[in-house]
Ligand SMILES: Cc1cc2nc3c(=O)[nH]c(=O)nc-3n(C[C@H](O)[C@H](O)[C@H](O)COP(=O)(O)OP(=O)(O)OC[C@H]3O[C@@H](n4cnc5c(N)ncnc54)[C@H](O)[C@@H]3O)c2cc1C
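Consider the single chain below, provided in structure tokens and representing the form predicted on its own.
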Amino acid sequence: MRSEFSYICPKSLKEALEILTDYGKRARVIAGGTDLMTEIREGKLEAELLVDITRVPELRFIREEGNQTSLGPLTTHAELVSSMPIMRGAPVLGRAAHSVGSVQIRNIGTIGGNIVNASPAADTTPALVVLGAQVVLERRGGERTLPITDLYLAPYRTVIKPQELVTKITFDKVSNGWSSSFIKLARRKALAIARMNVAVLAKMEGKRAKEVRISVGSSTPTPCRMEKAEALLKGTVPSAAIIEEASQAVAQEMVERSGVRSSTGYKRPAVQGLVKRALQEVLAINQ
């Protein structure tokens, strides 16, 4: 049985925020709808009003602003993949977006929807975490900005209030001297939801790793950086041994954050292997 609800399509950000203020928890926002449509088909949508923001022009953009890149929440995964500003300043995000679903899903699914849905398996979230992304939440009469890691309370739960809308995602460019990797492990190549994924950024200073950032998806209750492994790598001359140690540290931190579960026996070596491959790529270390 399909869900029953009213539908409205605001034409401006002001109109959208006014509607959300008036309806509060009784409204749900839809953009690409790749996740929400499943709820609707299964009759699980708990809302009186569906607010379609796809025709709000203020929410669709990719801009370079000095040393930063800014994205509108309606930016699709396909637009990220084909964007020169993303390829120049955040290739790890472009690679993550390219891994999302099928061509059809990438053409419809949005970066804002991927963030707000708060799925642990979201492909773009680990990339945004290592980029140090900030998320702007706007409501009628004000706004607030949060680090993306502060946006999440638990799987599928965020701090976003019913009257708020994600209006911008920003992050510093990581072009000069940075290398990046994004690797995804899924059940099959096409239309696959990630069983886990890893995003890594690294900046070298001579032969030493000046900074390394690591985030693993589908492995921790909320998105985060793997700071213990990052600290192990910082300032070192990369070697197979230190990469092995850092990969083990990531797997151990995953267990500490998530606890021991029935899937831990599979996930622990899988995470370790993914991180090892990603670190070998960004630090140019062969096995």
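Note that the coordinates shown come from a computational prediction; the quantities given were computed from them, not determined experimentally. One-based numbering along the sequence shown.
The same protein also has a form predicted together with this ligand, omitted here; what follows describes it.
Proximity of Ile105 to this ligand in the model of the complex falls within the 4.5 Å heavy atom cutoff.
In the model of the complex, Cys224 stays away from this ligand, with no heavy atom inside 4.5 Å. The closest non-hydrogen atom of Ser180 lies beyond 4.5 Å of this ligand in the model of the complex. Contact check for Ala122: a heavy atom falls within 4.5 Å of this ligand in the model of the complex. The listed set Ala249, Val255, Leu36, Ala47 contains one residue whose heavy atoms approach this ligand in the model of the complex to within 4.5 Å, identified as Leu36. For the candidate set Pro73, Gly94, Gly217, Gly89, a heavy atom within 4.5 Å of this ligand in the model of the complex is found for exactly one residue, namely Pro73.
Here the chain stands by itself, but in the model of the complex one stretch of 80-88, 147-155, 109-117, 209-217, 109-117, has heavy atoms within 4.5 Å of this ligand.
For the partner-free chain shown, Glu164, Leu165, Val166, Lys184 of 158-185 come within 4.5 angstroms of this ligand in the model of the complex, judged by any non-hydrogen atom.
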